[in-house]
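Below you'll find only one chain, the form predicted alone, shown as structure tokens.
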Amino acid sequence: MNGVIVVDIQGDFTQLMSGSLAVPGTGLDYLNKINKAIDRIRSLGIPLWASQDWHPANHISFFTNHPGKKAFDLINLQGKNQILWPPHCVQGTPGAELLIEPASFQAVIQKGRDYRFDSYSAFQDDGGQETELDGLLKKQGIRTLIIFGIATDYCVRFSALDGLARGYKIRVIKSLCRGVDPVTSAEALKEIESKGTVILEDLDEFLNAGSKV
């Protein structure tokens, strides 16, 4: 059975809302494309889930919580490289809200709630704490996951990798993704493809193949 994960379509990641961490190419045209795709997926009876960054204000990934550091600095944190981001998607703020009607989804998976760990993946944070996503997907017998959203080189990438690690077939819709940087986005697509993800240009490529690609 097929399922869809729509990754982090939130105000702070979009140019449409002048977000604090706005990703290029995320204006009104992009949001319209996302909504059109979601409407089509729902009309076919394919279940959807959404991921949502949901950080406390003291989150460790915010440069403002590291005196003397600035946005996009790279530091070592608990033995891992950590990019320091501008504060974004802070719990309860307008920038953290989904730009897609939550009723479109089976559930909204909030991630990054623990201030100690970053969490790009919809499946788990950097500390290994699982979200409820895997359990929900398995409960509904989902075996193939179609993933798209923001950002190609971070949350889409890690969600795809963690989905593969849990035994799902992963399909990423390239035209419905937007990345922070063209170079790292291309590298991310190459990486997840090498691990077994099928990269599709658009949703039609999946649906017109009878969902068998």
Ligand code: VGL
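Start at 1 and count along the sequence shown; that's the residue number. It should be emphasised that the depicted structure is a prediction, and the values quoted were computed from it without experimental measurement.
Beyond the structure shown, there is the form predicted in complex with the named molecule, which is absent from this document and is the topic of what follows.
### Query
Of these, 164-172, 63-71, 38-46, 149-157, which stretch puts a heavy atom within 4.5 angstroms of the named molecule in the predicted bound form?
Result for this chain: 149-157.
### Query
Of the options Phe117, Phe105, Trp85, Phe123, which one has a non-hydrogen atom that comes within 4.5 Å of the named molecule in the predicted bound form?
Result of the distance check: Trp85.
### Query
Using heavy atoms and a 4.5 Å limit, would one call Leu16 a contact residue for the named molecule in the predicted bound form?
Outside the cut-off, so no.
### Message
Is it the case that Leu21, even though its partner is missing from this view, gets within 4.5 Å of the named molecule in the predicted bound form, heavy atoms only?
### Response
Heavy-atom contact with the named molecule at 4.5 Å: present for Leu21.
### Task
May I ask you to list the residues of 27-53 that have any heavy atom within 4.5 angstroms of the named molecule in the predicted bound form, in sequence order?
Sequence-ordered list has one entry, Asp53.
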